Structures are given as C-alpha cells and as structure tokens.
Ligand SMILES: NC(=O)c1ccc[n+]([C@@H]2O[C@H](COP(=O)([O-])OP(=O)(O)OC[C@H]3O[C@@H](n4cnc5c(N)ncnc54)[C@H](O)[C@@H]3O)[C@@H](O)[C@H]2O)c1
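Coming up is one lone chain in structure tokens, specifically the form predicted on its own.
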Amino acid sequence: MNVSSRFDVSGYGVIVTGGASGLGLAYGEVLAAHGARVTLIDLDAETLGAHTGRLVGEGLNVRGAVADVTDHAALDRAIDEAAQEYGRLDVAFANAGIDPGVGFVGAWAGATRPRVAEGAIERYTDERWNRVIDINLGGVFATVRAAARHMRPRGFGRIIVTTSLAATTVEGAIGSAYLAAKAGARHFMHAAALELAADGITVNAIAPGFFVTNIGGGHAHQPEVQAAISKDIPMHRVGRPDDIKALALFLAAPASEYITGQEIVIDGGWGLGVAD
C-alpha cells in the first residue's frame, strides 16, 4: 500500500496562532509546502508580514492576520475570516505562547548548576502570572473553541495544541505560571478530544522540550546554553523548528485520523514518547 496519500493536505484550510516565528512558523511552512492554504496569526505585525511575504514569494498560499490570542473577539474574527477565505477550516494549530519569566532556564542547563531557581516564586508578579496564563492557556482555549465552531458542521477537523515537556516534567528552574499553563493546556486537550471525537475532530498535542526559538527572550540561541543543555540529551543536540515539521504534518494529515487525545513529547530522546 502506498501511504503517501495519507499525508496529503493539499487544499486544506489551516490557521496557526503564534505563526510568525519558531514552532508556529515551522507548522505553517510545512503545511503550506504540502499544498495547504495557511493563515499565520500573530501579534508581531512586522515579523508576520516579512515571513508571509517570503512564503508567498516562494509560491505558497499563505496569508497573515494580526491578532492577540488574549483578545478573544479579535482572534475569533481572524479565524472566521480565514475559514471564510478558504470555505472551510480543516486544521488549527493552537500554538501561541510566551516565556514564563523569572527562573526559566538559568538553573536548568547543565548538571553542575542548581536545579532550583532561587526566589522565582517571590519575584513572580501578578501581571506576569496573568499574562502567561492568559496566553499559554486562555489562548489555547479560545483557539480551540473558535476552530470547533467551524469544524463541527463539516464533521472533520484536526486541532493540534503546542504544550511542553514542562506539562509532564516539573523543573524547579521553569517559572511557575508556565508549568501551570502548559499542564492545564495538556488536560484541556484531553477534555476537548473526548468532546469532539464524535464529530470527527481529533485533538492532539506536541510537547517540545528544549527547542531553539525566541521564547524566553531568545536565550536558546546562545551557544553556551545550547552546549550545556545538549549534555543532558541523548542525541546531544538541541531541537530546531525544522525537526518538528514532519510530526506537525502527520498530525494534520489523514494519517493521524485514529489518534486523538495524545500528547507527543519530542525532546531529543530523553523525553520522547506519548503521554495519554
């Protein structure tokens, strides 16, 4: 049996929140490269415009929409407009997220460093807590809700949530709100999968470990941080957005139609697996 058709997403209508950089951009790139029509949604209008222009210049069907996932009315409009543009919404990546703030990586990299970020909780402000929860959890909820409205009538859809290795592995070095939000997103994904399965909609999660993106203020781009982290990973290298593209395509494609409610952890080996 030739399984290539099981990865065919040509003509699909796709939205990606947090699509202007990092993992979200990778999701959008791989779906568009395989023939999907993709709307990248992001708060960063300048970066969004630059990448949208680049991808359109490559002959891909990509458009941008500026919206903050904490502004649920604006997010609804962006998703509604994409569905109207495509005449359907097949795939939604609920990906937008921000760093946790105090204590994210400073005590994580390397076995010789302390495992607990001293004083992280005391230095965590209400403003930071609420912002991290609103984006990393509330934004996921709002994205899934808006997508379900378009997918239910057609009896088809793929929703993919970006969680984190932090959703299942507690590290003292990672800010408290980030852990809480990602764990909450993981449990919400399970609940949504149970509710939407009867409507032909699958809901799964990708849980990256240490990937080189701009989250956390761009610390992941520092060679010394990458070197320290790599020592703890069996493959001895950190993840890059391109590493996640095949998995994103799989979860968006017909090949994954019998998989729902799964969080797939991808972290260079030591966290690789499926948490159900």
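Quantities reported herein were computed from a predicted structural model and do not represent experimental measurements. Just count from 1 along the sequence shown to find any residue number.
Separately, the form predicted together with the named molecule exists; it is not shown, and the next lines address it.
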Can all three of 163, 178 and 182 be found with a heavy atom no more than 4.5 Å from the named molecule in the predicted complex? yes
I need the one stretch from 84 to 92, 145 to 153, 130 to 138, 195 to 203 whose residues put non-hydrogen atoms within 4.5 angstroms of the named molecule in the predicted complex. 130 to 138
Looking at the partner-bound form in the predicted complex, is residue 52 within 4.5 Å of the named molecule by any heavy atom? no
4.5 angstroms heavy atom contact with the named molecule in the predicted complex for residue 22: yes
Contact test in the predicted complex: residue 64 vs the named molecule, heavy atoms, 4.5 Å: no
4.5 Å heavy atom contact, residue 98 to the named molecule in the predicted complex: yes
With the named molecule left out of view, which of 33, 225, 43, 249 would have a heavy atom within 4.5 Å of it in the predicted complex? 43
If you apply a 4.5 angstroms heavy atom cut-off, which residues in 177 to 214 are near the named molecule in the predicted complex? 178, 182, 208, 209, 210, 211, 213, 214
